[in-house]
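Okay, so here's just one chain, in structure tokens, the form predicted on its own.
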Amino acid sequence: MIAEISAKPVADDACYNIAAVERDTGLSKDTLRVWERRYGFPNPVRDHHDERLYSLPQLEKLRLLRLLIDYGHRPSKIINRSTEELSQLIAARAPAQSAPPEIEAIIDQLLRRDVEGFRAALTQNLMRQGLLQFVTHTVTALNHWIGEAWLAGRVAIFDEHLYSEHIQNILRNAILAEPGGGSAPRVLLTSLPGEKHRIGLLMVEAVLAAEGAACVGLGTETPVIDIKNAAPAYGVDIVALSFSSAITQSAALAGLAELRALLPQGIEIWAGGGALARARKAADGVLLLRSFDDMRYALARWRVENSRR
């Protein structure tokens, strides 16, 4: 069965360029191009500069596909289903429960478009809980339940953008405010090209900073060769990489293998995120982390091992 969207949508309906689709769906440009070539969807038209343009129906279907992939579905099994069928799959797995009251109260501020109240609620939770608990409990829960609210039609795309911007700003400021600047190990944090998601990377940096590690944040989408050069330049002990579900597992593992071959063996590589959730193993010398607890155990292990040297 071919994709439901016509292979030649009218140009007037194709109003989103590939950068906008990448931003609004969380699917990388490389993923979009691979799907187009392999599955025939999405099937954008081209403008007079030969740049891809995507219709609103394609954008909406891509957002549904991204959600279902996050829930464990394989692209090849669902990509040629209709938007209605994808919506039914989502509805069938959506839990019939509500967020904890403290999380729902924050989401309610967002849904009422009370920007000041929403920001104040986040800040109050951070001050009350401390950075570590704020990240591992509140932000983790908010990420999940705002996604569920989107499934239920309660949250709009622009609400998600507001949420993302506020969380990033609060985490950056909280990391900078951590006393002492951290000590060993020294950890370089970034993502590879194609991975734009900052929240996951900032959450990792926040947990490490709260645990007393010294963090060197390069932001997202750093080429492998630049990571290879930056790691010794900044004198880091560990390179930590985040991969969201927008990146394929094979691409994530290939990037990690390439980086491992370039870095000195004395520099550890830690990696985690949705793209690696089902990966059984990575290249030798790459540690896969499934949770924040895994990362904290790895941090404690590194300190014990290096205290003997």
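Basically, rigid core = biggest C-alpha set you can superpose within 1.5 Å across the two forms. Throughout, we count residues from 1 along the sequence that is shown. Worth saying up front: this structure is predicted, and the values here are computed from it rather than measured.
The same protein also has a form predicted in complex with the DNA, omitted here; what follows describes it.
Joint contact, 30, 37 and 75 to the DNA in the model of the complex, by non-hydrogen atom at 4.5 Å | Every residue of the candidate spot has a heavy atom within 4.5 Å of the DNA in the model of the complex.
When the DNA is placed as it is in the model of the complex, which of 67 to 75, 118 to 126, 102 to 110, 135 to 143 ends up with heavy atoms within 4.5 Å of it?
-> Of the options, only 67 to 75 has residues within 4.5 Å of the partner.
Partner proximity in the model of the complex: residue 52 to the DNA, non-hydrogen atom cutoff 4.5 Å | Looking in the model of the complex, residue contacts with the DNA include residue 52, since a heavy atom lies within 4.5 Å.
With a 4.5 Å heavy atom cut-off, would you call residue 19 a contact of the DNA in the model of the complex?
-> Yes, contact at 4.5 Å.
Relative to the DNA in the model of the complex, which residues of 110 to 146 have a heavy atom no more than 4.5 Å away?
-> Contacts from 110 to 146: none.
After a core superposition, would you say residue 259 shifts its C-alpha by at least 2 Å between this form and the one not shown?
-> For residue 259, whose C-alpha is compared between this form and the one not shown after core superposition, the shift is less than 2 Å.
For residue 71, is the CA shift between this form and the one not shown at least 2 Å following rigid-core superposition?
-> Superposed on the core, residue 71 moves its C-alpha 2 Å or more between this form and the one not shown.
2 Å or more on the CA of residue 290 between this form and the one not shown, with the rigid core superposed, yes or no?
-> No; that C-alpha moves by less than 2 Å between this form and the one not shown.
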